[in-house]
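As a starting point, one isolated chain is supplied in structure tokens, in the form predicted on its own.
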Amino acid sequence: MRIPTKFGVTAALALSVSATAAFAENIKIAFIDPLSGPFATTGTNGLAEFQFAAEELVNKKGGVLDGDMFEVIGLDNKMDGKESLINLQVAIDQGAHYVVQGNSSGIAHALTEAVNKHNRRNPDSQVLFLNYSAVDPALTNEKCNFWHFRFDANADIKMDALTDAIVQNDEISKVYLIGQDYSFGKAVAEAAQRDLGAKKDSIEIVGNELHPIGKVKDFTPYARKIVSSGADAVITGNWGSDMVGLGKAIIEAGFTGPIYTYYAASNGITRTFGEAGVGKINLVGEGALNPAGSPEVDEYVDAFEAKYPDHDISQPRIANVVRMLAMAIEEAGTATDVVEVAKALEGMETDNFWGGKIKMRAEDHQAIQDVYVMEQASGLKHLLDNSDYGLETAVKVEMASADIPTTCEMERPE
């Protein structure tokens, strides 16, 4: 597949725009995530990352095609499924052909079904759903569809990397599982049970608990259960305010073991753990910053931090969403015929902005990329949460789970 060089990691900062750019139009990308309520911090951070990536990685380089620019529109779904579907229709009415969402796999399920239904009924206003953070494995397995692409590693891929790190620690013999009571939280618990059992049967799961998402005001009772269980380690998929609350309660309860997480970084979480999190908080994700993969990555993060001092690059995959969409539009020669853009995107293999490679697997639209297990540390170049702490790479898994099977049976448009 031809990959336009102007979106490569080492590309020049800008390109001259041809005379036809006078007729250029904005390509609207609708960001549907919480911008108010208890999870607003996570959503507003993600919106800032998308708007920055669009400007730095596409618009400053002359846009796509004949100078069309990316425009990221923020729509507040208030972490509500019905509100998300209203936002989807608003986005379509405003002429958006691309929707991005990541907070809550439950909402992602609602959106992918709605997009699939809309595109079948409305061939003249079809949209693509670019999922940057909803990691329920079902979305690229039994619930897969042609219009959905996931740029984050799914919960199974991440748990495979986390449990590799856990079983190598001889001090861990008892693990407590705790998470939010919805599809993603359940997927994390199921994957942890399966992988730990397969990799080291001497590890005992001493607790497996789900709590209401976004509704627990005081996690002290949960933290006391964790301590009293005798657990050596905790695994949680909590994010946003639920991670802040759980983390604070665990610290205050006196738990001293490692905590293995999916989203314990930035958004108040790093600052909450502080010194108590050093060497204790472990996070699995893509896009290592300490050390960074290239000087360009360092420059990109420095520029973001200068423009958005109250936000962090906490979801590096967002840069890959923007870059790969631009590449697919160039390859397809159109931004409005999303079938052609989807065909260009599926199977795409290119440099990962953060280092290594990334491949959008054609059979299920799951991105395959390097995955890292990182731990909270001080004295790093790139810090989080206006604190003295950031994440340092401990383990790197190259092209993680590249051979992971899928049950996806995708129906493609004729």
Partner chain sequence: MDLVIINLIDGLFYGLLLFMLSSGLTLIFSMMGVLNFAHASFYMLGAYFAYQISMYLGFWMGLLIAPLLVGVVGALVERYGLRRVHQYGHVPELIFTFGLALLIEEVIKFFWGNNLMAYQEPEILKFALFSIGNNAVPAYKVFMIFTSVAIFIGLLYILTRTRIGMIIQAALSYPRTVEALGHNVPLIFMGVFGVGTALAGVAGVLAGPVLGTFPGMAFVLGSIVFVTIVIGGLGSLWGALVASLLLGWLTTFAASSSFPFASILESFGMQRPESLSDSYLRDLWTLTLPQIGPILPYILMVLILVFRPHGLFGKRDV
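Numbering follows the first chain given and starts at 1. Think of the rigid core as the biggest set of C-alphas that the two forms share within 1.5 Å after superposition. Because the structure is predicted, anything quoted here is derived from the model rather than measured.
One more form of this protein, predicted in complex with the partner chain, exists but is not displayed; see below.
Engineer: Residues in which of 287-295, 209-217, 94-102, 335-343 have heavy atoms within 4.5 Å of the partner chain in the predicted bound form?
Structural biologist: Of the options given, it is 209-217.
Engineer: Quick one: S84, H109 and K143 and the partner chain in the predicted bound form, is every residue within 4.5 Å by at least one heavy atom?
Structural biologist: No, the candidate spot makes no contact with the partner chain.
Engineer: Name the single residue among L75, V115, A253, A187 that comes within 4.5 Å of the partner chain in the predicted bound form, judging by heavy atoms.
Structural biologist: Here the answer is residue option A253.
Engineer: Which listed residue (Q51, T41, N59, T350) meets the criterion of a heavy atom within 4.5 Å of the partner chain in the predicted bound form?
Structural biologist: That would be T41.
Engineer: Look up in the predicted bound form whether R271 has a non-hydrogen atom within 4.5 angstroms of the partner chain, and give yes or no.
Structural biologist: It does: once the partner chain is placed as it appears in the predicted bound form, R271 has a heavy atom within 4.5 Å of it.
Engineer: So in the predicted bound form, is the partner chain close enough to F304 to count as touching (4.5 Å, heavy atoms)?
Structural biologist: Close contact is absent here: in the predicted bound form, F304 is far from the partner chain, nothing within 4.5 Å, heavy atoms only.
Engineer: Heavy atom to heavy atom, is N267 within 4.5 Å of the partner chain in the predicted bound form?
Structural biologist: Contact with the partner chain, yes.
Engineer: Can you check whether K280 is within 4.5 Å of the partner chain in the predicted bound form, heavy atom basis?
Structural biologist: No, K280 is distant from the partner.
Engineer: After a rigid core superposition, would you say the CA of H211 moves by 2 angstroms or more between this form and the one not shown, or not?
Structural biologist: Yes, the C-alpha position differs by at least 2 Å between this form and the one not shown.
Engineer: For V341, state whether the C-alpha moves by 2 Å or more between this form and the one not shown after rigid core superposition.
Structural biologist: Shift of 2 Å or more: no.
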